[in-house]
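Only one chain is given next, in structure tokens, and it is the form predicted on its own.
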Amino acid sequence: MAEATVLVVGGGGREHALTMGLVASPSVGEVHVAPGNAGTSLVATNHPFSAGDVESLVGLAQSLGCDLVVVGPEGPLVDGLADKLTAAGIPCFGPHTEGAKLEGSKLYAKQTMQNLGIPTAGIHNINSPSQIDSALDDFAPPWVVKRDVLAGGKGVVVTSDRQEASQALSDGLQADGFVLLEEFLSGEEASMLIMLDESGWVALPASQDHKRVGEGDTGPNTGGMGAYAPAPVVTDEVREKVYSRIVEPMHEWLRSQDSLYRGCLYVGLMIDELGDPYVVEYNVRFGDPETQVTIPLISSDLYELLFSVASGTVGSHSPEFTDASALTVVLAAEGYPDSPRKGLPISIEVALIANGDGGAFIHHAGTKHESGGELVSSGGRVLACTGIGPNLDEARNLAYSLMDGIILEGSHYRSDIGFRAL
């Protein structure tokens, strides 16, 4: 479809990466983003609609005559954006409300995995304070406490302190009426983004996120401080296990449902010392910052891939990928992840590094332009520097070289992104 019109929903680094990929597509004529950020405004048209304003987004897509809507965050999917777009005859990349429950409810996802025999951690559903001590006794520390809510990757407490675990369970119980205690999985984490519809599925290169705020994976969980791809922990053998034990059973189940799942199935993995993969979580959208390091590795037309999923034909689509490596480093605001400072000016010395084998560029996230045109911070994760190179070491050097030219008062970033592979 030549000169297609696309709407990207969301305003973070993930949406900037998707926007950049779609702008580069020869099939696309116009890219619109709602609400977008300072980076998307440089390459596409931003619209001042919140990603949670489902009715306005449907109206916007209709008024623009969109050929495709690509939904970035999970919230609008849980709230039925894909359902309403489909009813309006607009192809949507992102699952319907029923499919979005795989992320919207951790308990639902866990029960689905258990029913399908998909390898995952054991779990206790606690709905009374009297259950807390016996549940903690059942699992060896560290304990994993999860609230059954959308929390942007941060609604989890992992601790070896029994009192802290007990308090987290009590807090979750009081907030929601029930809380989940999950068995701790040891090993190395990785993520796989699966483009999936009823006709088949396609896997993007495996990546590894860095959730903890501090060097060496220390400190509280964040939405992600950096990522790289491909992740060498996902060997050919591990990949085949993921496909046969995790992706295929879920795909077979999803395609058997009355409502068709069309979108990204994010598979968060823990790979143990034997090379056996377990599911930490399923998400129903592109990961952030995993998107920033996987989209640039797609060498074929991104629009054609996303549209094939939205139209239920990805099974006959064969995207192509480069042999390069990608690494992204997130620049976070002072106080992130607890209370990020916003509204501070950002100085960028160089926005792009180009060379023959790749280069580096900035993915904007929590940024905006003030009325006078000044670039300022507007979120916790402000931007990310992404390097693309013939190997991971070169990609890392490019990303950090770009980061050296950015000034934001009080900001911080990890200097060890990719350390497990390097």
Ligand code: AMP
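This one's a predicted model, so the numbers in the text were calculated from it and none came from an experiment. In this text, residue numbers run from 1 along the sequence as written.
Another form exists, predicted in complex with the named molecule; not displayed. Remarks below refer to it.
With respect to the named molecule in the predicted complex, the three residues K146, V158 and E183 uniformly fall within 4.5 angstroms at the level of their nearest heavy atom. Residue-level contacts in the predicted complex: of N221, S199, T322, S311, one residue has a heavy atom within 4.5 Å of the named molecule, and it is N221. Of the listed positions (L297, V78, M270, A165), a single one reaches within 4.5 angstroms of the named molecule by any non-hydrogen atom in the predicted complex, namely M270. Using a 4.5 Å cutoff between non-hydrogen atoms, V280 counts as a contact of the named molecule in the predicted complex. Proximity of A121 to the named molecule in the predicted complex falls within the 4.5 Å heavy atom cutoff. The named molecule in the predicted complex is approached by K106, whose closest heavy atom lies within 4.5 angstroms of it. H96 falls outside the set of residues with a heavy atom inside 4.5 Å of the named molecule in the predicted complex. Residues within 4.5 angstroms of the named molecule in the predicted complex, judged by any non-hydrogen atom, belong to 138-146 and to none of the other stretches in 257-265, 231-239, 302-310, 138-146. Shown without its partner, the chain has K211 as the single residue in segment 194-219 with a non-hydrogen atom within 4.5 angstroms of the named molecule in the predicted complex.
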